[in-house]
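Single chain ahead, written as C-alpha cells, the form predicted on its own.
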C-alpha cells in the first residue's frame, strides 16, 4: 500500500472528503482540519491550496476504522485489538526491506539551485507558530555510522529558508544517538525526510521501538511482505520507492551552527520552541528533492487532543508497550491501552489476570521499565482481568471501588521526561515523577468483595426477547 492506495480505499468506504474550494495554507487549512477532527469527521483532501497545484491530505488517522484500513486489519477492530495484532505479528518475525532499482519517487529529481522547499504547500498551523512546518506527517531516515542500523524517526521540521529546515531531534532519541557519533567524527549526518508513502511507514516512524531495530522491518512484519526501497546515490540511505516526496541532504552536527526554530503548536495542546526558551535545534540542509508526478502533500494538524497524531501515538505506543511486556514474559496480561486523550503517551492502562500476591504491582513497575513506558509516561493504572484496558468507564469504576490510595499507590520520583511536557518548568524538563495506581482487588485477600452480576439464565432469556420489548 502507498498513500494513494490508502486515499482510494478511504474514499470508497466513505472515509474521505474532498475539499474542492480554494483554501489558504496560512491557518485556514489547519483550522478546517482541526474542526473536522473535533467532530470526528473523515480524512480530508484539499484539492485547491492557495498558490499551489499540489493537494494536501490531512486527518488521516482520526478514527480507529481508518487506522485498521491502513494496517489491513478488520475494520471493526478497536485500538486494543489492533495493538494486540501488532504485538503478535512483530514478535513472530520481522521482515527486512528489499532493494529495487527504481520507483515512482524518482519521477522528478530536483537538485542544486532548483531545489526550493517553498515549492510545496507546507501549512502554517496555529497563530503563534514560528513559520511553516513542512514536516509533521514526516519521518527522517538516518543510519548509524558504526553499524547498518537504519532508523526512521518522526521529528517536526520547520522551513527556515529555501533549502534548510529545522529538525527537532530530542535528546535520547535514536537519531540523537547517531547524531552524536557523527559529531565525534566531525561530519554531517546523511539524512532523508519522507513525506507521504505507505501510511504504515509514518506510523512506525513515530513508534518507540528498541535501539537497533529498523522500522522498515516492523512495517514488513505488519504487511507480511517486505518494503521496497531504493539505495540513494546521494546519501546511501534506503528510500521508500513509492514515497510522494523526499528531502535528501545532511543534518548539521556542529552545535555552534544549530538554529532556533518554532514556536509550534504541539500535541500537548501547548506551544513549544519559543525563542530563547529552548535549545537551538539541528538543521537539515536539503541537497536534492525527489517527488512523484502530481505529488500529494501529507500533513497533520497536531495541537490539542484528539487529532490523528494522538491516535497514531495511542496505537503504536499501545502496541509497543504490549510487545515490551510480552518480550519481558510478564504473565497474565489481558489487554493494554494508552488513551489518545492522554496525548497518546502520558498514561497507560493494563488489565491483568492475577496469579500471585504483588502481581498487579509487578505489572505496574514493569510498564515504566519498558522501552515505551520509560519515556514521558507519568502514570500507570492496573486493573483486574474482568475490565478491558480501553473500557474507560469501568477503569474509573475500578479506581472508585477497588483502589485504596494509601495501599495501592507508588510514586517514582525520577523518570525520563519529554522536553515537550508543559506540566514541567522549561528549565527542568529532563526528569518527571511517575505514579502507579493499582486498581486491582489484592490477590492475597481471603475475603474479597462480592461483585453484583446478572443471572446468566435470565440474561439469556432477556436477550432472546429484546425485540419483543420494543428495542
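Positions refer to the first chain, counted from 1. Keep in mind the model is a prediction, meaning the values are calculated, not measured.
Missing here is the form predicted in complex with a small molecule; even so, the following discussion is about that form.
In short, of 147 to 155, 82 to 90, 180 to 188, 105 to 113 it is 147 to 155 that has heavy atoms within 4.5 Å of the small molecule in the model of the complex.
Of the listed positions (201, 325, 175, 289), a single one reaches within 4.5 angstroms of the small molecule by any non-hydrogen atom in the model of the complex, namely 175. Think of it this way: in the model of the complex, the small molecule has a heavy atom of just one of 168, 360, 370, 335 within 4.5 Å, and the residue is 168. The small molecule is not drawn, but in the model of the complex it has no heavy atom within 4.5 Å of residue 73. Among heavy atoms of residue 248, none comes within 4.5 Å of the small molecule in the model of the complex. The small molecule in the model of the complex comes within 4.5 Å of a heavy atom belonging to residue 300. At the 4.5 Å threshold, heavy atoms of residue 215 reach the small molecule in the model of the complex.
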